[in-house]
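Shown below, as structure tokens, is a lone chain in the form predicted alone; questions about how it binds or moves come after it.
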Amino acid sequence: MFTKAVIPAAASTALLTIAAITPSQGTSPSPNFAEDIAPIIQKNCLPCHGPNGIGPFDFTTYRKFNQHIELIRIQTLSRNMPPTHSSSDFGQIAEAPPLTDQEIIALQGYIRAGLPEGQPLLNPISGPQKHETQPTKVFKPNSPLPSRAEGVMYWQTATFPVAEATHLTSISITPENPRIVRSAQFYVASPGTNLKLIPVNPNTLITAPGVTPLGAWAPGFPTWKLPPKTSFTIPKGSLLIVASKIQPSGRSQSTNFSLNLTKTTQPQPNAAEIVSFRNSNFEIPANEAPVITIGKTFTQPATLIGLIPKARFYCGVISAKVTEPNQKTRKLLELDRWNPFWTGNYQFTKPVNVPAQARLEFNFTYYNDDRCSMNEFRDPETVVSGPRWEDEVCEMHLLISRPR
């Protein structure tokens, strides 16, 4: 989904750099749609901007793409699209990483050359073939609620009782209507959790006692999937909770989806688990931008599969780093434009080995000034941590594995 384009000073500097390395005209053939632009669309755009994607436009043909070329030019130059905004010293995290300088240069050259088509494509552009593991169990909500006819995005929950111990290896959802169900968060509630504590319409995330975040589903992000020989055991009597984000369309529509689980009959040699860090008692003074740090030194080695940050609308930047026993520090994750509307699975392509005595540190930067949309049309006031819409949250949950 396209958002308002803002080109900050840092982005302006990046654009000058891009302009400086743009090839002069005449040194090479102008980029054309079929050979140069279609591969960029296939790689970066189709998770959202396909025929049934959540994006507002379909980019699968030359004509459809060029209908929005000025907006595309602004959004790609400002690096607002794709909206992942994540980086790590340990390689790719998001499935749709930001455009490279070379890809932006190609788009610029294509526009300056007058949008040459090249050899006309016989068929619409299709996404790359994915070879996903077939789910071994599929569930659907018992009584899915129809979407509200009007209003802003909101979240609603569906719960799935776990009748027997389940050794999970992957989880995802398939929305019946992708334009209505825009993304989803997965949680596990421990046996005996009071169902009354799980809100039907949560405030962007669930913070009830006994409820642990597990991961997420969103177009453009990888499916929640564990490495080989690794499983996450959900005890009998637990609840799987799906909090889906609903986008009203102006009329009541289905919010139904399929919950897809892949599991094994026996626990795998490596046990996945969630390790949680949080600050539950803080405040953000008006017109200030504090950084809140949480973290821990690992006494035992572990394999880090991914990170699950949780914050609301006052948070702007989230970063994570690891300092190894030899004092070498590396960036695990940096999200330079945090937005709870755009969250997915921040899982590493290759899991990260964390040695014993390594220090993990997570920094959350909060903006309680005019940089925060919550302060639009009002003077900032002190914000506190808590469960309300106007409160804030500071949590980081690690998906790790260790030998059983």
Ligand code: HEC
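Values in this document were obtained by computation on a predicted structure and should not be read as measured data. Numbers for residues come from their place in the sequence shown, where the first is 1.
One more form of this protein, predicted in complex with heme C (HEC), exists but is not displayed; see below.
**Student:** Identify which of 216, 72, 234, 315 has a heavy atom within 4.5 Å of heme C (HEC) in the predicted complex; exactly one of them does.
**Tutor:** Of 216, 72, 234, 315, the residue with a heavy atom within 4.5 Å of heme C (HEC) in the predicted complex is 72.
**Student:** Taking 4.5 Å between heavy atoms as the contact cutoff, choose which of 82, 109, 309, 175 touches heme C (HEC) in the predicted complex.
**Tutor:** For this set of options, the contacting one is 82.
**Student:** 271 to 279, 74 to 82, 258 to 266, 316 to 324: which one contacts heme C (HEC) in the predicted complex at 4.5 Å, heavy atom to heavy atom?
**Tutor:** After filtering at 4.5 Å, what remains is 74 to 82.
**Student:** So, residue 221 and heme C (HEC): in the predicted complex, are they within 4.5 Å at any heavy atom pair?
**Tutor:** Residue-level check for residue 221: yes, a contact with heme C (HEC).
**Student:** Give a yes or no for residue 48: in the predicted complex, does one of its heavy atoms lie within 4.5 Å of a heavy atom belonging to heme C (HEC)?
**Tutor:** Contact check for residue 48: yes, within 4.5 Å of heme C (HEC) in the predicted complex.
**Student:** Within a 4.5 Å heavy atom cut-off, is residue 225 in contact with heme C (HEC) in the predicted complex?
**Tutor:** Residue 225 lies outside the contact set for heme C (HEC).
**Student:** Please run the contact check for residue 56 against heme C (HEC) in the predicted complex: heavy atoms, 4.5 angstroms, yes or no?
**Tutor:** The answer is yes: residue 56 has a heavy atom within 4.5 Å of heme C (HEC).
**Student:** Could you tell me if all three of 44, 182 and 342 have a heavy atom no more than 4.5 Å from heme C (HEC) in the predicted complex?
**Tutor:** Judged in the predicted complex, 44, 182 and 342 all sit within 4.5 Å of heme C (HEC).
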